[in-house]
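Here's a solo chain for you in structure tokens, the form predicted on its own.
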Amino acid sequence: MKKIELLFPELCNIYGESYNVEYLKRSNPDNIEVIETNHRDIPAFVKEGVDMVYLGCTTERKQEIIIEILKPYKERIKELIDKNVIFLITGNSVEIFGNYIKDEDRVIEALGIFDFYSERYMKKDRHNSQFIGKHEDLTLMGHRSQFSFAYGEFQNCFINIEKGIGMNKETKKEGIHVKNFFATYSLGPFLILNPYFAKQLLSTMGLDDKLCFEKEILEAYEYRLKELRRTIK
């Protein structure tokens, strides 16, 4: 039985992110156990082995709460990354793993696991866009809606953008990929939008990669990809 920990779904489900984990569970219901961890509880990954950790998008205020919750477990997170445990981090939760977040005159210390920083632009319009890019031999799509951008070298980026922007408007590098740690600014049910990547995660866990409603979801993927290629400038 493979264990997937869904961190803080009561705080991190703004765009339906928790369904990323639900979709994996429905695709392999007999071999996946989902552990839903409340933000007041000690994460399961601290005290037991898990095969995957998921953390979705949250508000800026709750983002700071989550940083403080996870700070005591920084070394454990680094250990799990080194041991090839899967992490999937989406939306602005990617910023939690950088060095700091700048919010006007405030500097919010983050976990410092990866060498980048983020900056909020709360007084400006929210940035909304979509992207298409490559991860290894997979073509991935994503949606973003954010007040902040991340800055750094991003040598270990998750997605090389073909159409759209990356971690900020000046780069085509999107997200972070180190071993089995994957982070992206993309929102919502990323795995439903990108079923081939969902299949890859299942295979990495040593499970059958057959997806729930696989025929329909692969057809939808091809349709959406065609439409995005046509519409994204």
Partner chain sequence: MSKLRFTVALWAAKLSVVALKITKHNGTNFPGVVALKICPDFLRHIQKPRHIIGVTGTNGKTTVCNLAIDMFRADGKIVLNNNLGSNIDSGISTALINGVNIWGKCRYDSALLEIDERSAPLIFPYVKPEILLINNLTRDSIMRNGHPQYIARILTEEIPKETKLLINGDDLIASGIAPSNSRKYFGIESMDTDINECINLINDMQICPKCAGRLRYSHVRYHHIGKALCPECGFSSPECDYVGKNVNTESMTMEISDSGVSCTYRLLNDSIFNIYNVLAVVSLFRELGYRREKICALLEKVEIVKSRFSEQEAGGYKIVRQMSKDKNALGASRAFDYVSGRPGTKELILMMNCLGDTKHWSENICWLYDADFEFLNKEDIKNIIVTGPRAKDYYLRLKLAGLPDEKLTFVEKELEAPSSLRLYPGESIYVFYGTDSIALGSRVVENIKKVITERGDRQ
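The structure presented is a predicted model; accordingly, all values stated were derived computationally and were not measured. Positions refer to the first chain, counted from 1.
This protein has a second form, the form predicted together with the partner chain, left out of what is shown; the following refers to that one.
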Practice task
Although the partner chain is absent from this view, report whether residue 199 comes within 4.5 Å of it in the predicted complex, heavy atoms only.
Solution key: no
Exercise for the section: Evaluate residue 187 for contact with the partner chain in the predicted complex, applying a 4.5 angstroms cut-off between non-hydrogen atoms, and reply yes or no. Expected result: yes
Handout entry: Partner proximity in the predicted complex: residue 143 to the partner chain, non-hydrogen atom cutoff 4.5 Å
Key = yes
Exercise for the section: Flag residue 39 as yes or no: does it have a non-hydrogen atom within 4.5 angstroms of any non-hydrogen atom of the partner chain in the predicted complex? Expected result: yes
Fill in the blank from the handout: Within 4.5 Å of the partner chain in the predicted complex, heavy atom basis, the matching stretch of 156-164, 126-134, 75-83, 111-119 is 126-134
Problem - Sole residue of 67, 46, 192, 34 within 4.5 Å of the partner chain in the predicted complex, by heavy atom - result: 192
Practice task
Heavy atoms within 4.5 Å of the partner chain in the predicted complex is the criterion; list the residues of 216-233 that meet it.
Solution key: 216, 217, 219, 220, 223, 224, 227, 228, 231, 232
